[in-house]
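Both blocks below hold the same protein chain, though in two forms, and each is given as structure tokens: structure 1 and structure 2.
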Structure 1
């Protein structure tokens, strides 16, 4: 595997991942924007509208037909929240030209269609097509309203919202129902033009590719040529380590008709050195990263206080979320047992085996990154956003270099910020 990147215009970078592991080529475009309350709903809506049709291919059915003619190529898109950045994601996957019977410029067709969808939307009356806007507003309304249906996911979202109140990361990635009525095809298109002018654009090509040839295709694409006068004002907000004061714990209880309680605890990591992200990853794995973790073994197995017990490290914000599904009556006991696990790690009450299990869990995950094209692209895009490129082999090495002392130091700079409990 060979990775390199090239800035072709202000704020537009091509990333080439040359790999012969797959029979497909994957093309991805990421538009990075600031997470802002006034625009979060518009971003989610635009992502959905763009897939509906372009000036050249005027409906989703016609796009699907074109892709089918390209040996069953597939397109997908979505919106993600990465740190304080809002990311619009577009993917097109197609079989490698080596495996098609006749000589055909399939790579060029893929690039042309993908860029047409993103940069050449179908318009009417100086705005997006009214029918598509109304349809996608209804779809988005359903997505936003249905977040309450999955109580486990809802509890995590609510904990994030409480922990990052009045901060960009506290915003819901799909936006808010109350914004939808104010959006028209015309004002949304005006915003889209500003977005395309100012966002950071990253173009990824993964597969058996000739870098020079594919870069030439991209640079000479009609839609890319039109982006000559971009302002490219947005520089992504890279990973930050918290150095704030320790706050009083914020405890939030929410009542709803639920069969089991959902407990989410947000931990703030106030620790920084060159390896803090790697140390935090190992700390999280020991705490709640798998079946060998302290949360799983003690809260779930030994004390039988939880149906599920684990934790997730959010690298971009340097926070950890502990998540447990519990009997509502077990809340106090479960909270006490979780706090005991945090104290034990602070006091060094964990073994060499705990560290080795944690490191193995992480390194296996890192080794698996290059076995899937979209996962590999996501990793390299994450490195781009962090502004601190670490190759996969170096990542594993830095994980393996983490010591007991490192983990204890970080544990003693890690504090409970928010306790959120969803109960009946």
Structure 2
């Protein structure tokens, strides 16, 4: 395997992925925390403030200038939900030294800049720089409000919100406008210090870099040396699934000025089995995974009811979302057609070929993981947060072991939880 990891301090791990498939080296740092209502907005705001400036490189344009000098190295950060965790993600990508016209050392520069941004923020008066906090508050407000702009994404977010009402996963990853007023540079910095002391820290290095050399650079970095050991506070994602209870279907309709209706249906999988997540993957692929799926074939192709029709399996939460863009007047008919597909799978109305297609679709994407640098990192990070490490080849094997009986059993334990419809 080209993957190695090393815990350098309790709660802080370096992951090395040795690969010569790319022109770039990619460095990533992930900070994991439990998703909590009182902290979501702060986490999102901190991510944005950190990229504004460090004690060594005091402003964003100075950071950009440094990166441009390094043949356009690119820094990126973001915030995501993975299971019931809130993850602050920081990336730095730079061209592999082999492909630059003049000899130049870039790896150490990358490491220094990246850690400086995350662990050494610019401070004043025992807090973050006021100007940065204020301007990032305004920006975050705009980002939160822009949720409505992309109707397809909005409809999915809303369905998740409805389905996980009062649960961590129902929280919006960027937080809430009403929290912003209470945040000051000082109280935010106090929270930041606590966060840095408690979060789970994972550092990924992918590319053609000597592991020992780069790990040595990382361990000797001033910012890393400052960090304490920790009993990291985060939610382990369990491979085991629960036999939940069946709830009444929650139907939500929302009106906006749109020409096309967006229908999102959240499915709950109440099925207990050691292989449940692999079975659910195959089930989802048969239902709405691709052009062969029942949804695509019947809702889009046969009935011409929709331009998009498919489903996604959220592995960490063990739920499925069906998504269709439909003519508003076709709502009833589309819903009926979708329900019919769910019933058909329950009754075993699918062929050996359907299963094989579904498995091929999933295993092909697993085989392709190592061809994309950030996807490979994301895969190993997912394994890191889970209580059970599954290497890529075992993943493929377990998908291939799923049987018709498994799928039918799971289908009979899968229920509609929420129907969300965005219309005019």
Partner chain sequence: MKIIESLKIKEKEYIEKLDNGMTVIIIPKPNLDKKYVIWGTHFGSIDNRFIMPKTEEEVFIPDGVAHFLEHKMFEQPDGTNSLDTLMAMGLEANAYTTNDHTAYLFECTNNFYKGLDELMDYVQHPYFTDENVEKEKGIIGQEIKMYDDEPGWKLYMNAMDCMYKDNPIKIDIAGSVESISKITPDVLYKCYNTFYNPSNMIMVVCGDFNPEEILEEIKKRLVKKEEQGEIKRIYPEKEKEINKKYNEVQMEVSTPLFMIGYKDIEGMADKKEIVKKHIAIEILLNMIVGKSSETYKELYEAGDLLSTPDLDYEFSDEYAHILISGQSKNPQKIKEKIEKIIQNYKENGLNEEHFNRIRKKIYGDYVVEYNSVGDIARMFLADKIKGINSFDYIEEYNTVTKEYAERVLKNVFKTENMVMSVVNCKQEK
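Take the two forms, find the largest set of C-alpha atoms that superpose within 1.5 Å, and that set is the rigid core. From a predicted model like this one, the values you see are computed outputs, not experimental measurements. Numbering follows the first chain given and starts at 1.
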Fill in the blank from the handout: Mapping for form predicted alone resolves to structure 1
Problem - residue 349 C-alpha moves between the two structures by 2 Å or more, core aligned - result: no
Handout entry: Large Cα move at residue 123 between the two structures, threshold 2 Å, rigid core
Key = no
Problem - Post core alignment: residue 167 C-alpha displaced by 2 Å or more between the two structures - result: no
Exercise for the section: Provide the displacement, in Å, of the CA of residue 105 between the two structures, taking the core as the superposition reference. Expected result: 4.3
Handout entry: Cα shift between the two structures at residue 72, which is computed once both forms share a superposed rigid core (Å)
Key = 2.7
